[in-house]
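Encoded as structure tokens, the following chain is the form predicted alone, with no partner shown.
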């Protein structure tokens, strides 16, 4: 069994990539919308919340846990690996290095939560690959709007926060929160035909690689997904199922 942990339903973008890798396992997707957002909490608070969920997923029988939340990954994965040395943790991170690899001279906008942008893990990555043509944009409240699924509010938010970048010809947009790939069309409406980078594909391939290295296999003929939301809100599961079947 494999656990997928996110502060809400945005991690569906990671799960969809993982399922493309033909891993025939039982998955538990844990949506922690009760404590969403993580990005405006202290590091100790985020770690305490994530540790509680990890303990729950381990009790359910998970042999690997994917942190499909950039804030949780940035803050927690090092401590989790130290505290649970026998557990496989796969952590997502903003795909800033991908920009360096594919378009190192382009103008880049990094959209992420404040917690991710201010984290030591991200700043180390950023300082290593910064081409001095990069804007870091903390998107406070955006993940919650995507969680809600209100297109009018999302478009208003993007107009208010992205319009000032329309005239500087942004080439690349790093989507530093797993919710953000769900609104690529909305972002393009404001910024034009930008190239998007996110960490979902990298996480899916790293999960496969680590499972093979550890000799972890599953006997299922196909995959199955169990959805759990900490708030108990039925609408969250309905939104999750809707996004799982979406092409965007």
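None of these values were measured; they are calculated from a predicted model. Positions refer to the first chain, counted from 1.
Quick note: we don't show the form predicted in complex with a small molecule, though the next part is all about it.
Does the 4.5 Å heavy atom contact test between residue 116 and the small molecule in the predicted bound form come out positive? Output for residue 116 is yes: heavy atoms within 4.5 Å of the small molecule.
So in the predicted bound form, is the small molecule close enough to residue 204 to count as touching (4.5 Å, heavy atoms)? Looking in the predicted bound form, residue contacts with the small molecule do not include residue 204, since no heavy atom lies within 4.5 Å.
How about residue 146 - does it come within 4.5 Å of the small molecule in the predicted bound form, if we only consider non-hydrogen atoms? Result no; residue 146 lies far from the small molecule in the predicted bound form.
So, residue 108 and the small molecule: in the predicted bound form, are they within 4.5 Å at any heavy atom pair? So residue 108 does not count as contacting the small molecule.
Please name which of the stretches 79 to 87, 170 to 178, 121 to 129, 156 to 164 has residues with heavy atoms lying within 4.5 Å of the small molecule in the predicted bound form. Comparing against the small molecule in the predicted bound form, the contact stretch is 170 to 178.
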